[in-house]
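Presented below, as C-alpha cells, is a lone chain in the form predicted alone.
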Amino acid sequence: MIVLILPALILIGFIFGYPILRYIWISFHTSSVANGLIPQFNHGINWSRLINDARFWQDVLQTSRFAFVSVSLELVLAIAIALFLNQPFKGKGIIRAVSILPWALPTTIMALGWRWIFNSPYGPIDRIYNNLTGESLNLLSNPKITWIATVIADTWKTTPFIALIILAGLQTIPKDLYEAFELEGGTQFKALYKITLPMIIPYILISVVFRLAQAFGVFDLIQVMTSGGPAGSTESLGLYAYLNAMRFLDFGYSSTIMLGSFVLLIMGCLTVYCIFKMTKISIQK
C-alpha cells in the first residue's frame, strides 16, 4: 500500500516540503539589500526581532480579528443558505449556480468593486448615510471601523464556498432519519439539533479550517481595498511579509514573519479542531 502512494508522497513532499525548508533556512540568515542579498547566518536574530516586533503582534491581533469575525459570519450564513438550497423548489439548480458566482469572481476585481461601494463621498453606502444623517461615514478612512468593510467584502465572496461544502454534507443525510424522527413526535427544530448538525459537523470542520487558513493569510483583499490603512489598522500578516520582502528587500525577516504566521495558524487550526471534537461529543450526549 505504501509503495503505491509513495510517488504521490514524494511529489507532495517536494511541492510543499521544499518551500517550507527553504523559508526555515532563510529565516536564520540575513538576506537583504544591505548585504547585497547574499544570505549570511545571523544566529536567530530574525526570530528575536520577530518576538520583540510590536508591529508584528499588532498585525497578529488584526489578522486574527478579521479571520475570526469573517469566518464566524460566513459559517452562520452558509448554514442558512445550505439549508435553504437543500429544500425542493422550482429553479433550484439555477439559484445554486447563481449563488456560487461571488466565490468564482477574482478577489482583486471583487475588492475593487467593494472599494467603490464603500468610497466616500461617491459610494452608494456613503451617499445613503449622508442623505439620512447629513454626515459622511468615511468607512475606508476611519481606523476604528475600516476593518469591518474588509470583513463584509470577504464574507460576501467566500460564504458560497462554505455553503457549497455544507450543502454536500446535507445531501448525504438519509431522508429516512427525518421520517422516523417525525413519526416519533420530533419537531423540525429538534431534527436540526439532533440529526442535521451532528451529521454535518465533519463538513463544517473542513470548511472552517480551510477558510480559517485562507482568512489568516489574507493579502490581495487588504492590499486592494485599504493597502493596510488607515494608519496600519487593517494591515495583515501577509501584507506585512510582502512589504518586508518587496518594498524593503529584507527577505530573511519576511520569511521569519511567514513562518511565525504559519506556526500561529497551526495552533489556531488545532484549537478549532479540539473545539469541534468537544462540540460533537456534547451534541451526541
Partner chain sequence: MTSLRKYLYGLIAVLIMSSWLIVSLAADQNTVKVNILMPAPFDDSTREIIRQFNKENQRKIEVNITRGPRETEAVSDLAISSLILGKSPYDAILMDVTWLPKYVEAGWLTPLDEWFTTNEISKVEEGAQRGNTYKGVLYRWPLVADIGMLYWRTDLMKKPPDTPYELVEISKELQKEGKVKYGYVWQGRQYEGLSCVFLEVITGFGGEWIDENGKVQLNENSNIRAVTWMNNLIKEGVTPKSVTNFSEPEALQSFKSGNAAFMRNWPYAWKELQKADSKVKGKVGVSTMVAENKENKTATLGSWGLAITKSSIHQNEVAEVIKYLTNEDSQRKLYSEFGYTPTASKVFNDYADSEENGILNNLRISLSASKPRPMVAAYAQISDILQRHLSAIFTDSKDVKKEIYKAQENTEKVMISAGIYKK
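These numbers were taken from a predicted model, which means no experiment stands behind them. Positions refer to the first chain, counted from 1.
Note that the form predicted in complex with the partner chain isn't included here; everything after this is about it.
Remark: F66 does not count among the residues lining the partner chain in the predicted bound form, judged by a heavy atom distance of 4.5 Å or less.
Proximity of V33 to the partner chain in the predicted bound form falls within the 4.5 Å heavy atom cutoff. Contact between F251 and the partner chain in the predicted bound form is found at the 4.5 Å heavy atom cutoff. The shortest heavy atom separation between M246 and the partner chain in the predicted bound form is within 4.5 Å.
Residues with any non-hydrogen atom within 4.5 angstroms of the partner chain in the predicted bound form fall in just one of 66 to 74, 255 to 263, 39 to 47, 53 to 61: 53 to 61. Checking G93, P124, P174, P143 against the partner chain in the predicted bound form, a heavy atom within 4.5 Å turns up for just one residue: P143. Contact annotation for the candidate site: R115, S227 and E235 all lie close to the partner chain in the predicted bound form (heavy atom within 4.5 Å).
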